[in-house]
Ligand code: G3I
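A single chain, nothing else alongside it, follows as structure tokens in the form predicted alone.
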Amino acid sequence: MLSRRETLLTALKAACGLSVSAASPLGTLLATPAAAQAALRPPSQWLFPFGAALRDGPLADEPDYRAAIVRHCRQVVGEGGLKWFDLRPSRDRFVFDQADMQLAFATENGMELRGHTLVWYGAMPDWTKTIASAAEAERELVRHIETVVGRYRGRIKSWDVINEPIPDDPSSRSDIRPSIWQQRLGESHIALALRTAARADPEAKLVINEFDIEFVGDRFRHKRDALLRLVRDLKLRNVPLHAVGLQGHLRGDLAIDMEGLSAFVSEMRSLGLEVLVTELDVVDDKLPGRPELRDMLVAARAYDFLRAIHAAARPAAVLTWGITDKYTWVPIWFKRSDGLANRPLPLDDGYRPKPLMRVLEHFGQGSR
């Protein structure tokens, strides 16, 4: 008779073609009882800082949510608060309430707050559509970065300066995603933003943050190549850039390009750049409905992603985009057709650890 562990691993293979033996590292950790986790080092002692994205409503109103963040995280990042839409309701007004609250919470609990984000095509206030010239665009972009980074100088030590600069399906290696900044300034807006941030806080770690470079397939390889071209060009011109953020919004139904991702990370390290995982979760809308099996599939996909990165270098940090399935962006865009709740994050909606948390612990302990 098959054991429960063997039954689940057999189902794992049948569901998505993932062959995981009971004796393999992944098979062992997926079947580890929750009670055995007590012997592991807590996240505060992991080999990389672990963190999660904050949502302001539950942070203010729900003690269980705050307790989960404090228990598990050494870094946090706001889902909102530092985006243009939040900070700039009008051209002449900056509003820092959300970001100040997040920073106070992080500081009070011995965590660092990451800055997200200074330049992005999305979450832009309507007034920016009236920016009509290159000179005006440069003036507004520089003013924004100087004001925001300057306010948090020495307190926010890592910034996603450039977020998602590469189109979903780039037409060439030099393709940059459309935005008001690209429209008015061209690709030079990227170097301008990085240099301005470096002047505003010379000690801050400056990051380019991107998604969808880790999967098997031509579109994802093209996107990876375009990001590599951009990063190499910035480094050749001595533009201040310290790290690349891999968002890691993984798809449960898409395989990780293990070789391609490892090679990309190796290339980043050869350029003197750190690699961070900045927004990890697993989109599970196309995975089987059974929660126990789905949780294992989610964990297996994250395992492959982190294993490919670790094969080249230990990430400087790993953050998930949320801590609990109770609060996640995933159902907004990837709601399941069977009516079941999405389960993309390390803790379930009752704040209990799931197999994804075991995978994070596995790499946090230094395992491969």
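Quick note: we count residues from 1 along the sequence shown, nothing fancier. This one's a predicted model, so the numbers in the text were calculated from it and none came from an experiment.
Although not depicted, the form predicted together with the ligand is the subject of the following passage.
Partner-contacting position among 336, 55, 307, 326 - heavy atom within 4.5 Å of the ligand in the model of the complex:
Looking at 336, 55, 307, 326 one by one, just 55 meets the 4.5 Å heavy-atom criterion.
If the cut-off is 4.5 angstroms on heavy atoms, which of these, 104, 271, 135, 123, is the one near the ligand in the model of the complex?
The residue from 104, 271, 135, 123 that makes the contact is 123.
Is it the case in the model of the complex that 83, 163 and 247 each bring at least one heavy atom within 4.5 Å of the ligand?
Contact check passed for all of 83, 163 and 247.
Residue 116 versus the ligand, in the model of the complex: is there a non-hydrogen atom within 4.5 Å?
Yes - in the model of the complex, heavy atoms of residue 116 and the ligand come within 4.5 Å of each other.
Hey, in the model of the complex, is residue 112 touching the ligand, heavy atoms inside 4.5 Å?
Contact with the ligand, no.
Is there a heavy atom of residue 175 no more than 4.5 Å from a heavy atom of the ligand in the model of the complex?
Residue 175: no contact with the ligand in the model of the complex.
Heavy atom to heavy atom, is residue 267 within 4.5 Å of the ligand in the model of the complex?
Residue 267: no contact with the ligand in the model of the complex.
Given a 4.5 Å cut-off on heavy atoms, tell me which of 327-335, 44-52, 63-71, 310-318 is the interface stretch with the ligand in the model of the complex.
Of the options given, it is 327-335.
Out of 271-293, which residues reach within 4.5 Å of the ligand in the model of the complex, heavy atoms considered?
Only 279 sits within 4.5 Å of the partner.
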